[in-house]
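What follows is one chain in structure tokens, specifically the form predicted alone.
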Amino acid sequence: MVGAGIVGASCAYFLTRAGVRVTVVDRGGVASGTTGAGEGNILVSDKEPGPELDLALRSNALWRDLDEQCGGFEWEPKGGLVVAETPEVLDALTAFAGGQRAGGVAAARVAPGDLRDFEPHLADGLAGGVHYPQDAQVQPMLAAARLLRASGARLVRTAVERFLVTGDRVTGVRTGEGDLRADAVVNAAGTWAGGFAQAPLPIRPRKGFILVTQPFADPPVRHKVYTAAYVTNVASDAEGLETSGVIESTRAGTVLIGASRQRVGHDTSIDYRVLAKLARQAIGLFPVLADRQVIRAYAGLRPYSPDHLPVIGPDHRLENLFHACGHEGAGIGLAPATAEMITAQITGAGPSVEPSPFAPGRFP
């Protein structure tokens, strides 16, 4: 297993439960990349009907099972609230939710006068919203660490330099500490997953910022709350900066503020102009945040796939190589179903979700 983020940790957990012996290799350790810079979102609200929504719904159910089996990663089935600034946007949101309901999503339109029943501190003047009770959140670093520990997999902290290949078969990996032989290799290397020369993939980093406020004794945000622009930005192919208001509280009492998207390579430097824009958007939704200081801000990199679907399954060029990457900002939410699919493919079991839309061979 290459990668000890949430996808790699989930794969290790599901594979070991299926009787497979697993070694996980990561140069930075558990949750040292994208997972450690995430908000822990487990969303169905931002998925349009189709393969990713199917995967998200399956994963949502698996997360509930994992909370019972492992626990300790701050599972919160808090639900989501998507808000609209204008009646036209609300109509579009309502139509979008209608398509999702046909795919199995619970979604209910919220009239403007009822918004504060869900979020008492929301700003005035919003046109309404849609409530998604299935949305949830975990603490992502805890989740990865707990799943990896529960798996019993061996963790090796070193860099993977390349795959070991004999003929058209992968036989292991070369690391900074020597060769590791394996009957199968799973590439769950996040933003670095596309960079292996023997089996390249069009996975690229997509930068995003998060602001963290001082803790509240009584956090003012009950759900994951975001504007309709977030759904548009998730589906966008733009390289330039895009932002949308995304706000949620944590069990520690802090409020997390996002979201931005920008393709600038592996640059994680702080851009205070972006942080200021995110802060203004958050205050526009929740004026109560105006008097609260930001105690931390950081950037993370999402593993972006050109068609916005993760890459899951056996490589089409090399035998014994499997990919589990390209989830962009949905890796936390989709990790268990991804792991279940990879485990089925390695062990020969039947899949719970149709795997063909995620196949690596869709890319040349």
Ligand SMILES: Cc1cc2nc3c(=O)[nH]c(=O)nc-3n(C[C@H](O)[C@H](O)[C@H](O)COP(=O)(O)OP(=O)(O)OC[C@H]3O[C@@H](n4cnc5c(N)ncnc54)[C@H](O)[C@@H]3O)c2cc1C
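Everything numeric here is computed off the predicted structure, so don't read it as measured data. From 1 onward, residues are counted along the sequence shown.
As for the form predicted in complex with the ligand, it is not shown, yet the points below apply to it.
Of the heavy atoms in residue 190, some are within 4.5 Å of the ligand in the predicted bound form. In the predicted bound form, the ligand stays beyond 4.5 Å of every heavy atom belonging to residue 127.
The ligand is not drawn, but in the predicted bound form it has no heavy atom within 4.5 Å of residue 53.
Among heavy atoms of residue 132, none comes within 4.5 Å of the ligand in the predicted bound form. Not one of 12, 336 and 357 is positioned with any heavy atom within 4.5 Å of the ligand in the predicted bound form. Shown without its partner, this chain lists 57, 37, 318, 297 as candidates; in the predicted bound form, only 37 has a non-hydrogen atom within 4.5 angstroms of the ligand. The listed set 198, 158, 268, 214 contains one residue whose heavy atoms approach the ligand in the predicted bound form to within 4.5 Å, identified as 158. Taking the ligand as positioned in the predicted bound form, the residues of 299-321 that bring a heavy atom within 4.5 Å of it are, in sequence order, 300, 301, 302, 303.
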